[in-house]
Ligand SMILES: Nc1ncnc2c1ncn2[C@@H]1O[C@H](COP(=O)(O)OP(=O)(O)OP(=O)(O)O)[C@@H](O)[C@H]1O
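Only one chain is given next, in structure tokens, and it is the form predicted on its own.
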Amino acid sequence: MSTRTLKSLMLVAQKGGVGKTAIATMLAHYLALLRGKRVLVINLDHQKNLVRPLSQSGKVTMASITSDKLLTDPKADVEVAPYVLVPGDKDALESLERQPDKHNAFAGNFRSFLRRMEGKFDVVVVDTNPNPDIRVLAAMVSIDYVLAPIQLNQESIDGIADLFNGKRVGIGRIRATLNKELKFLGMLPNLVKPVPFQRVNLEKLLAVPEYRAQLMGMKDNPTEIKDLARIPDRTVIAQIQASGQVLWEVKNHTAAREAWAEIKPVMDRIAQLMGVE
């Protein structure tokens, strides 16, 4: 019986622009600041969109190494603090895919690193790049949970099959072969607007059994739109994150308060699905 207590989650997307990093930022803040967990955030996306809002918040300790070292250095280590961010180096991260003879070692190093974090952190949150390269593969074969933000447009819906069945890093294939402990928390509609075409696309997903089963619900086995988790499209979210603030800590701001009232139950549900007490 496993005695592991460290929970690890990665966010994946088939394309950019779905708001994946905004969700990663809010989730990391939520787990560290509201849940009081020791949180390690790893930025594997070379665009580094996660680094700015977290570092500007003044809440995190910046690791002295960059995230590429977690794949290339078998002895990589980070500072231990209540809330730590491992930033990315664009050139170093992009170079990893061009070293195919080392890919197995990269994946093994990342898995070993996560094991060494047991007892030092409670939760690891990994933000990955949209293209399915060795960074995504190394994380997926090592991680406990996957969350997939999507937008309710036809392009995102068309990409769902690749998310599960992609030859290299399809969630279903990885779960069947390389990481049988991997749990998919679901597809999480993001940037949701109260407009007809988005509702129609959500209804399309619900109408297809294999898609419906993969949507993240606010309860088990959701069958209706009202049962589904979703993150609203609110301008204030981007504004607050761009300023380095934390959404729920902004005082006397009605839009921020209303946005967080909609988002917090989703964060609670993610924590519940991960078994974070």
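This is a predicted model, so every value here is computed, not measured. Numbering starts at 1 and follows the sequence shown.
The same protein also has a form predicted in complex with this ligand, omitted here; what follows describes it.
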query: Taking the shortest heavy atom distance, is Ala255 within 4.5 Å of this ligand in the predicted complex?
result: no
task: Examine Val18 and determine whether its closest non-hydrogen atom to this ligand in the predicted complex is within 4.5 angstroms.
output: yes
task: Give a yes/no on whether Val60 approaches this ligand to within 4.5 Å in the predicted complex, heavy atoms considered.
output: no
message: Is it the case that Lys48, even though its partner is missing from this view, gets within 4.5 Å of this ligand in the predicted complex, heavy atoms only?
response: no
- prompt: Looking at this ligand in the predicted complex, do all three of Pro130, Pro232 and Gln241 come within 4.5 Å of it through at least one heavy atom?
  reply: yes
- line: For this ligand in the predicted complex, the stretch among 69-77, 161-169, 93-101, 184-192 with residues bearing a heavy atom within 4.5 Å is 184-192
message: Between Leu44, Ile237, Leu228, Ala32, only one gets a heavy atom within 4.5 angstroms of this ligand in the predicted complex; which residue is that?
response: Ile237
query: What are the residues of 247-277, in order along the chain, with a heavy atom within 4.5 Å of this ligand in the predicted complex?
result: none
